[in-house]
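Included below are structure tokens for two forms of one protein chain, each presented in isolation as structure 1 and structure 2.
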Structure 1
């Protein structure tokens, strides 16, 4: 739907069915002004620097760790993602996995397909009355919290930021407090240097004997070898893992993991957000971000850029300028505007520690010439006329 949405606005869209390498991207991108990608495509600093003409980049997923955000910002390229669109799908999968682990559904289903009849209540429990620990109380974690409470679970969570608990959830002081009391621990954190290898044998030892771990966040968060030891020693009763440190680059490549063939282990191929509803919502969210940036210069929702969302003026030319955030830049630009005899209908500047993003609606006869002069300022990174 993203393709159709953008084409309805008059843009030409080409789809590539695989994740191009760095060299392939560098060769491909000179033909395009906008790049949309999924989590498997790496957009390095070299890719961005070799293609400074790019206007914007969009990740059709939650994470943006596959994009060099700093390099994009330095060239005035805003990056968008879809942080809200698949939250329900991931939360529902975690609920399903909790119940499946509690009832050992994966193993019993497999054995039934093989002709084995394992009808027993041993190790099979309800989730009602149990405790769910959530690590990362963002869009997904908080929605999971509400769903879990509706099933009768007690919820405790930990986040590095202070968050408002929803429902009857309680916030823990640290990770250990969550792990020690939870029957299920579900991870919902981004991939950062702080979360890489965050769950090791130490953290797994904190977990209650007979509890279960669920990871639908990032594959680098859990040290898989330590998780295998915790499972084979029966310290953990099971786990459900949707993301892995190394994942196949396509559906044709064989998947191999040390977690294979361990009892009560559910392995899924990174499908937390892979529902038709979520994919539709993701496509529409990023497509709308592209449309608004290309049409009116809105950077609302950009992950690496000052956020500006200014309605279009009447009978005016809109000029967008990205510059280094240093004293005196706005004065220099306004000096050029005054020299050109332009009237400012609206002007909005937003900055972060590195750059300033200036949106201006101007009444001026030769806007292209004025934009060229603004771009010629030594601290201008990019100037565009809509």
Structure 2
């Protein structure tokens, strides 16, 4: 889909169906100005350094660990990804899991397949009127909040940042407040030093007897051994876990977890964001980032670059310059512009501690010559004219 989208904009796209090695990438890339990849293709500093004509890189996935972002930035190459394309997919999975846990769907389904008929209302409940506690009220947490309320759940959440509660949700003062009142606790925090082993026996003990834990965030957030104890002692009525401290690296590897074979425990192979809709959205999001950077110069959404969001359809020539962020560099650039007798229609600048990204709409006779002079400055990393 991303291919069709880019082709409709006039770009030629070649697809490679495997993850090329570093050597193969170095050999392949001279033919291309843009590199799109998935999580298994590693882009080292060498790959970028050996291809100075490379304009931008897009990860058609969520993570960007496979790319040397620092090297890309220092060579003026913005890197894009699609971090929120699967937000809705994760939120929907959690909704399904709350209902499945409340009705012991996983176990009853398995037993029915084995020929056992477990018809009983004991321990089966509706989710309506129950309380959902959300830890991490970001993209997924807040989306879940809205969906859960539409099913009649009450929502309480905790976040380290002050967040606007959506709908009728309430913000808790601390984690304990969320755990103590919730029938379901769902975790939606990123992996950080603070969230590593965030949920231990202490936090699980705060949870109401008979409540359920859901984790579709990162596997390192919950201490699995403590969760096993809370489940085996029947303090928790169940859990749904999509992410694990150690996950198989492929579908061929065996999955082993201490959570296996415990009643009312739903284990899924990190599929929270794995839907066809999310895949489609990832393709569209990265393709659109490429288009905006190549045609307009916008870097909004780039993970390693100062973000500049630019208006469409400028009349003047647009010069894009990436430079090392050091004192005096803007003065040098403006000096060259004034020497060329150019009129600056608009200038946009965004910087971080290492680089500056300067976009200039200029009325000038010979824009290529001026761009060449700007690129010749010793602190210029890359200069492009649109």
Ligand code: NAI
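Just so it is clear, the model here is predicted, and its values are computed rather than measured. Numbering follows the first chain given and starts at 1.
Taken from the form predicted alone, structure 1 is distinct in origin from structure 2. Remark: the rigid segments turn against one another between structures 1 and 2, and the hinge among 179, 172, 242, 85 is at 85. The smaller of the two rigid parts, set against the larger, turns by 20° between structures 1 and 2.
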